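Consider the single chain below, provided in structure tokens and representing the form predicted alone.
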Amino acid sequence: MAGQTDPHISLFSPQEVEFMAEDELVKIVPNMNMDPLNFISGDFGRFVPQIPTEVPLWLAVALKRRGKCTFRPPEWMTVDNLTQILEAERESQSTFQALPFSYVEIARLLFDHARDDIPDMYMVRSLVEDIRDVRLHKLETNLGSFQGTSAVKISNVSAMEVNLVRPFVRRALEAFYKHDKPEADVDRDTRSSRQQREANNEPRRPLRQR
């Protein structure tokens, strides 16, 4: 797919997609007492040792770097759940399993900053990569069967996948439109000419004498 080999074709860079994913809420377990933190995006805390709480991913990473918390991995990020998702992805070539919209970016940030908090981290990372590859292959296959300029609907596609396929979909729809447009113009001109001839052949109504 074009977006995979040429990052300049994608709408956003991988860094920008990851930046947007950092607003996703994740669960942490603080190891300190701290009053609530007030941000434009909302208030988070109060932070009490050993009491789980939800914060944006960027804040969780910042606290983790300072040794102020541990991560509570998302429920979908277990070996059992990811194995089931991978098997289901492989079984169906037309449907995608429900995963967080930013599952790739969330997983990558946790692998980079909280690997000690993820049980079976290497197996989890391998499964996430396999799921990503299977889904991208399915996207390529499904988009390769484009027909006509009708709307495209694919459920449960992630942010990274949308970012990769959007330029391809746009160019494909533009190509189909340009291919269909000459025929549409001919049909429109034919209908206009026929209507003009019919109008000219209609009997003229005699003028009423004054």
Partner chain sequence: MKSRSLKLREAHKVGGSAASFCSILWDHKAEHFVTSSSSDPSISVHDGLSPSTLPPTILRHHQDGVTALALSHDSSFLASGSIDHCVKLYKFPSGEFQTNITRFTLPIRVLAFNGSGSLLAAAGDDEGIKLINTFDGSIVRVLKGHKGPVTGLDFHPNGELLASLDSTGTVLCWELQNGIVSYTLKGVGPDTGFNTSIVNILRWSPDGRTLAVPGLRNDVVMYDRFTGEKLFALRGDHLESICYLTWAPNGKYIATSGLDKQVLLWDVEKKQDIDRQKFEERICCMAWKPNGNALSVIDVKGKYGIWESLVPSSMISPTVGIPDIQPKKRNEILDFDEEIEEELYGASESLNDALVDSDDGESYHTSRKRLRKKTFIDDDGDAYEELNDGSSLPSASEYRKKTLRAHKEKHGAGSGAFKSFAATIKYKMQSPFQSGATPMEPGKRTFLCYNMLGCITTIEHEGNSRIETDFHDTGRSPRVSSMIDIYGFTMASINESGCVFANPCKGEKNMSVLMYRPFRSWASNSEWTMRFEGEEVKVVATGSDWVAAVTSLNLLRIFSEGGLQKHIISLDGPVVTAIGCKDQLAVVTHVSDCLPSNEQVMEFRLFNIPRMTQELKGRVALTPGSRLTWLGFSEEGSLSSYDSEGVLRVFTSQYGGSWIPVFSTSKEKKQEENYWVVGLNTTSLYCIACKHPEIFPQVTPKPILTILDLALPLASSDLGAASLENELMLKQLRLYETQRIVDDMALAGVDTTALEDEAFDLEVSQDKCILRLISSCCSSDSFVRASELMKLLTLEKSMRAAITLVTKLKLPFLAEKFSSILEERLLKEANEAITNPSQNPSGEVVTRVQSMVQNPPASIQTSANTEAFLKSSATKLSSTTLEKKAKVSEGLKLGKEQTKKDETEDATKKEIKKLNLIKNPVNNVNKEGKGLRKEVNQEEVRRSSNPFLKSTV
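Residue numbers count along the first chain shown, from 1. What you see is a predicted model; the values in this text were computed from it and never measured.
Beyond what is shown, the protein has a form predicted in complex with its partner chain; the following relates to that form.
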Worksheet entry | The single option of Leu37, Ala62, Ile154, Met32 touching its partner chain in the model of the complex, heavy atom within 4.5 Å | Met32
Item to complete: May I ask you to choose, among Arg72, His137, Arg115, Arg90, the residue with a heavy atom within 4.5 Å of its partner chain in the model of the complex?
Response: Arg72
Worksheet item: Would Gln50 sit within 4.5 Å of its partner chain in the model of the complex, counting heavy atoms only?
Response: yes
